[in-house]
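Encoded as structure tokens, the following chain is the form predicted on its own, with no partner shown.
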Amino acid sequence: MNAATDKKAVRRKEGAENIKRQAGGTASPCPYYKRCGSCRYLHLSYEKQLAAKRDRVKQLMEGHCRVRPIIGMEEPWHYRHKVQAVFGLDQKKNPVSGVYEEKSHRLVPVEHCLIEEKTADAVIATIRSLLKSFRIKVYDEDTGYGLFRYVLIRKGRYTGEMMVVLVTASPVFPSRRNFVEALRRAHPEITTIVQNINDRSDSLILGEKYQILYGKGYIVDELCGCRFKISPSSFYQVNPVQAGKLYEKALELAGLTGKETVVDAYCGTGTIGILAAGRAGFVYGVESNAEAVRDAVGNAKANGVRNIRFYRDDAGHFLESCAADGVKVDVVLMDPPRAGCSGAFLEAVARIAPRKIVYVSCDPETLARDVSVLEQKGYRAKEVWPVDMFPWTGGIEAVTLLQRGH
């Protein structure tokens, strides 16, 4: 390990420890706080939490560029519009639902969550009671016996549309019609109900087979003036309020004038690419997930966006093809997974040589790593904006502008 790498490792460790040191000694307002492990910063005031998160980004990124103020929430509660609940049995064999304890497979029963959409908690409580009254067995992972496994709820922040996904171990769902009717009577705000069949033995929530039990099988929400279709497995930001701020900042840093050719790498269902299309000359969206690409094409049509084209491909391979074909790209927008970008992808970015790169990151450590690689390839980070996408949790998003040359 060279001296520069060693200094970066020390900064990362100090940043992580600094967050832990800033505890205010306040009792947590959540009874599940210690067991759940998700909202690890509930013991901090929101102001201290924001300061700690910004400091974390500063520790990692101040050697690269200017660290701007963190973008927080005005109301940092009940922001999660995607809610997942694991179902199990208590000691009296009654259905319970909740989350797995941190770093374990032990179920923590949860009735009310401070960061989840309130209506979702009520729907899950109703489902628990219906399972008992309909005598539907909850799935037992140890024995493989039982039917009901998970519930996934997605709600449109701005449209109010709500989707409930009932995940079962088998397609055979006794009294399914009556169950759905009872759930709808209790919660008329539900706009669609889907059954997902998951007979896998791993930890994935959703299987590959779906049956629409009521409604369209998807919901629609609005973001930054555009409408987006959200299917059960679609990627869509769980905090739409902060997602809007994040994408607006990314597009602001891109500085589009209406003439640029843009590549939206890791485009998912096309959200940021479609938003960019209104300010760019042409946008290419690239995504490896086939279902996401289908949703992206539909979203572009629904919003009347014609200057965008989506491709199902590996992002690095697509950029290499663009370079080989002589396609001039002015701006690359990229929002990679938590693991960051592969070396091959960063090589491809450097080869196509866009004037600007706007990097949206959900992990400051991999962001700092990838920025270091891009700096070796002739880019310079100009500024980074931390964004608190997941208040009370350890998650930190950040958007960084890099430019070629000095």
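What you see is a predicted model; the values in this text were computed from it and never measured. Start at 1 with the first residue shown and count on from there.
Beyond the structure shown, there is the form predicted together with a small molecule, which is absent from this document and is the topic of what follows.
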Can you tell me which of 267-275, 181-189, 105-113, 75-83 lies within 4.5 Å of the small molecule in the model of the complex, counting heavy atoms only?
267-275
Look at the candidate spot formed by Glu320, Ile357 and Gln403 and say whether the small molecule comes within 4.5 Å of a heavy atom in all three of them in the model of the complex.
no
Which of these residues, Asp335, Glu260, Asp295, Glu117, gets a heavy atom within 4.5 Å of the small molecule in the model of the complex?
Asp335
Which pick from Gln237, Ser97, Thr168, Ser231 sits with a heavy atom within 4.5 Å of the small molecule in the model of the complex?
Gln237
Is Asn289 close enough to touch the small molecule in the model of the complex, meaning at least one heavy atom pair within 4.5 Å?
yes
Quick one: does Asp330 come within 4.5 Å of the small molecule in the model of the complex, counting heavy atoms only?
no
Report whether the minimum heavy atom distance between Asp199 and the small molecule in the model of the complex is within 4.5 Å.
no
Just to confirm, Tyr247 within 4.5 Å of the small molecule in the model of the complex by heavy atoms?
yes
